[in-house]
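Shown here is one chain on its own, the form predicted alone, set out as structure tokens.
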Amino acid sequence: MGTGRKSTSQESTNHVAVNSMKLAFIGAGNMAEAIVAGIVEKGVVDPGEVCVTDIDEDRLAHFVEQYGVGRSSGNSAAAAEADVVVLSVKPQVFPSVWPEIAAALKPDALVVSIMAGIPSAKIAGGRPLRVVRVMPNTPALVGAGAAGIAAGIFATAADLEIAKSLLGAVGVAVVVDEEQIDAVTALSGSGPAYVFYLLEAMLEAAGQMGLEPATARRLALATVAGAAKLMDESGEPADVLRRKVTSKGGTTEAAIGTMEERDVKKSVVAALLAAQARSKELACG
């Protein structure tokens, strides 16, 4: 796992139920809202134990009204009270907001980062800070997310469970090594865009074939969702399921044959590798 066990005292402070902890969300963007909505709705934490900070007063008011959580315009004040600090700001904002937050943290605070491209070591900054990195994706906004979770060197198994409790409230949460976060970014972090791109093409073709937009949209969405559900529930590999629906000389074979001729699969593989490479570049930059 790449998780160091630097101190038995760190272990002993973390075996506490999430619902007894105070959480501070630094940044009130869409992903923070998805997580807050999920953990409040599912009773993972009491809304009174959650504080959200942001420079946008309207966003803070929305969080208070919609979810019953606390609000603060001061990052350091919120962090000073929190057992778990969730960094949900944009990566480019991190250098300007982190010093005051880091200085205010409780000695035993856990930091959960959903910022892309910022390694746990950079967040820790040479301190024995417990950091868990999370790479979520946008379907978390509808409770159907897929998140990779990775422990920094000082994070404990209990810390990973806390992060899984938070992200599990909005979808699937899978533990990976931090070295694999770039791959997770390429696969599931950016993955919804690939599916939307496919749907764009399917709907464009449907229009050219004369289908009404509303009808085409309904059929396309049901097809993508149904295919994913079939693969999930059957447990069969994608290539096996593809072959089962591809009859010799049939319409599906004509479609797949055209895709093979145009190297669609190779292009998709190359696209994911490009996303992984860019994620690594951003982490180094």
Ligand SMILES: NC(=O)c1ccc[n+]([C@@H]2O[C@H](COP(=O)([O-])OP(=O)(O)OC[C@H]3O[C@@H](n4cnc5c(N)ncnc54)[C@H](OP(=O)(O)O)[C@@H]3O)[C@@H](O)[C@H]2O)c1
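Numbers follow the displayed sequence, beginning with 1. In this text, all values refer to a predicted model and were calculated from it rather than measured experimentally.
One more form of this protein should be noted, the form predicted in complex with this ligand, which is absent from this view; the next part is about it.
Checked against this ligand in the model of the complex, the residues P119, G191, P91, G171 give one hit for a heavy atom within 4.5 Å, which is P91. Distance criterion of 4.5 Å from any heavy atom to this ligand in the model of the complex singles out D56 from the list D232, E41, D56, E253. Put simply, G145 is far from this ligand in the model of the complex: not one heavy atom of it is within 4.5 Å.
Put simply, N75 is close to this ligand in the model of the complex: some heavy atom of it is within 4.5 Å. Interface residue remark: A150 is not counted as part of the site for this ligand in the model of the complex, having no heavy atom within 4.5 Å. Not displayed here, this ligand is kept clear of A82 by more than 4.5 Å at the level of heavy atoms in the model of the complex. Of the candidate stretches 215-223, 253-261, 238-246, 47-55, only 47-55 contains residues with a heavy atom within 4.5 Å of this ligand in the model of the complex.
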